[in-house]
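Presented as structure tokens, the chain that follows is alone, the form predicted alone.
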Amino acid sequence: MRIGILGSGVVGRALATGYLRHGHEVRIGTRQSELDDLPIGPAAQVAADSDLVVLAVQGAVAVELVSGLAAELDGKVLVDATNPLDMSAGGPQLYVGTTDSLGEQVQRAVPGARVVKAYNTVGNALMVDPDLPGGPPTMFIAGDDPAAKETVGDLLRETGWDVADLGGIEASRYLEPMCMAWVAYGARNGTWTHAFRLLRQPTAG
């Protein structure tokens, strides 16, 4: 699959490296001239040429970025890996929540894209091929397009994840606060290699 990643920070680089390891064709959309020997290109070209696009930038610039790429993202599966984090008070807080979410804002900004919220509840070190005691962790996803969620779910399972679908994109209102729970545990325990796992009762039959 041709995967484009918008964002050249630690999340974008971790996903690119992991996807390449699994044999996918990957490019990072960035204005940099080179990046750790990873394939790069202009964001608009990367988005237009990809089958699936991952939004991996700071939450504060996410809506503006995708708004400028609406034509290139039209019809594309767009994985929203962002969180609406505000660090102005000295520690992480959410600047949107309860009645809206950054995931919903991204979908409204590019109504032609098929947005799936994912990757926002775990650190970049475990985003691809997480190896933790007790089996694969669970990636919780949300989005309005069933086919897009199936595509993202297949990619996640291929790269080591259990998948739990929480429903429409409005479920981002619950996924984004999960990031804060992940951060709180890490800050209290001084570790950043943890992830959530959903345990299920086996169904009869």
Ligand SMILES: NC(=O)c1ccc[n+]([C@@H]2O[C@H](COP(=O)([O-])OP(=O)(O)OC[C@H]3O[C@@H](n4cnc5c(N)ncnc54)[C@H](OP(=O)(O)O)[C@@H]3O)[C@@H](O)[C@H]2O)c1
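In this text, residue numbers run from 1 along the sequence as written. Every value quoted in this text rests on a predicted model; they were computed, and no experiment measured them.
One more form of this protein should be noted, the form predicted in complex with the named molecule, which is absent from this view; the next part is about it.
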| query | finding |
| --- | --- |
| Single option in V128, A113, V106, A81 placed near the named molecule in the predicted complex, where near means a heavy atom within 4.5 Å | A81 |
| Exercise: G9 in contact with the named molecule in the predicted complex, heavy atom 4.5 Å | yes |
| Exercise: Q32 in contact with the named molecule in the predicted complex, heavy atom 4.5 Å | yes |
| is_contact(V122, the named molecule) in the predicted complex, heavy atom dist at most 4.5 Å | yes |
| is_contact(A148, the named molecule) in the predicted complex, heavy atom dist at most 4.5 Å | no |
| Option from 59-67, 136-144, 164-172, 150-158 whose residues, in the predicted complex, bring a heavy atom within 4.5 Å of the named molecule | 59-67 |
